Ligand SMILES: C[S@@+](CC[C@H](N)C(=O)[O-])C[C@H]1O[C@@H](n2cnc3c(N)ncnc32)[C@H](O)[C@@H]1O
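Next up is one chain by itself, shown in structure tokens, the form predicted on its own.
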């Protein structure tokens, strides 16, 4: 029997920033979500230096699709002409109307956002000459177990561990490690001690580094 999709329930701050009602948190920084994504996930995984043909990014928490768009934009800007592979796990997807509204914050992503929304109207895959992406809808704790791939880089982008503990459970982080290629990496905005310990125990060499704006620290790591 197919899982029933439950869309995210939102409130809007200043008609610009989506707030999850379930988790009581914004989907991106109130300062600049795109800059935050570039700092935490793109730089955190050193993607500028690591991108190569067949590179595969995976993430926990698709949200607005901002991380995907920023990664895709970087891939194109660096001159790659083969498809970037991107897989995202999302339990409570936004409606496409809400997603489109949120992404209007960044006009520089408009052409990619338009392509994203148009393709998602037909299902949870995006295929272009420079992107091969899939959003896997459902509980990542179950879905990741049956995923038959390994990622070169992980974006751990659930809501805060205090409010969204499901995406920071030991077994899930172990599964993340199991689905990480040799010398693969992760990055996340959180520097919570128990998250870093769990990732370390899962097989990552973990570092705490400078976070974005007022966030003092974040975490990065590579597969041991």
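Everything numeric in this text was worked out from a predicted model, so none of it was measured. Positions refer to the first chain, counted from 1.
Keep in mind that the form predicted in complex with the named molecule is missing from the display, and what follows is about it.
Enquirer: Just one stretch in 146 to 154, 133 to 141, 109 to 117, 73 to 81 has heavy atoms within 4.5 Å of the named molecule in the model of the complex, so which one is it?
Expert: Looking at the other structure, the answer is 133 to 141.
Enquirer: Any of the heavy atoms of residue 92 lying within 4.5 Å of the named molecule in the model of the complex?
Expert: Looking in the model of the complex, residue contacts with the named molecule include residue 92, since a heavy atom lies within 4.5 Å.
Enquirer: Is residue 44 a contact residue for the named molecule in the model of the complex, using a 4.5 Å heavy atom cut-off?
Expert: Looking in the model of the complex, residue contacts with the named molecule do not include residue 44, since no heavy atom lies within 4.5 Å.
Enquirer: Answer yes if any heavy atom of residue 186 is within 4.5 Å of a heavy atom of the named molecule in the model of the complex; otherwise answer no.
Expert: Flag for residue 186 set to no.
Enquirer: Going by a heavy atom distance of 4.5 Å, is residue 34 a contact of the named molecule in the model of the complex?
Expert: Looking in the model of the complex, residue contacts with the named molecule do not include residue 34, since no heavy atom lies within 4.5 Å.
Enquirer: Out of 57, 66, 176, 40, which one falls within 4.5 Å of the named molecule in the model of the complex, going by heavy atoms?
Expert: Comparing distances to the named molecule in the model of the complex, the residue within 4.5 Å is 66.
Enquirer: Could you run down 156 to 180 and flag each residue that has a heavy atom within 4.5 Å of the named molecule in the model of the complex?
Expert: In sequence order, 157, 158, 159, 164, 166, 167 come within 4.5 Å of the partner.
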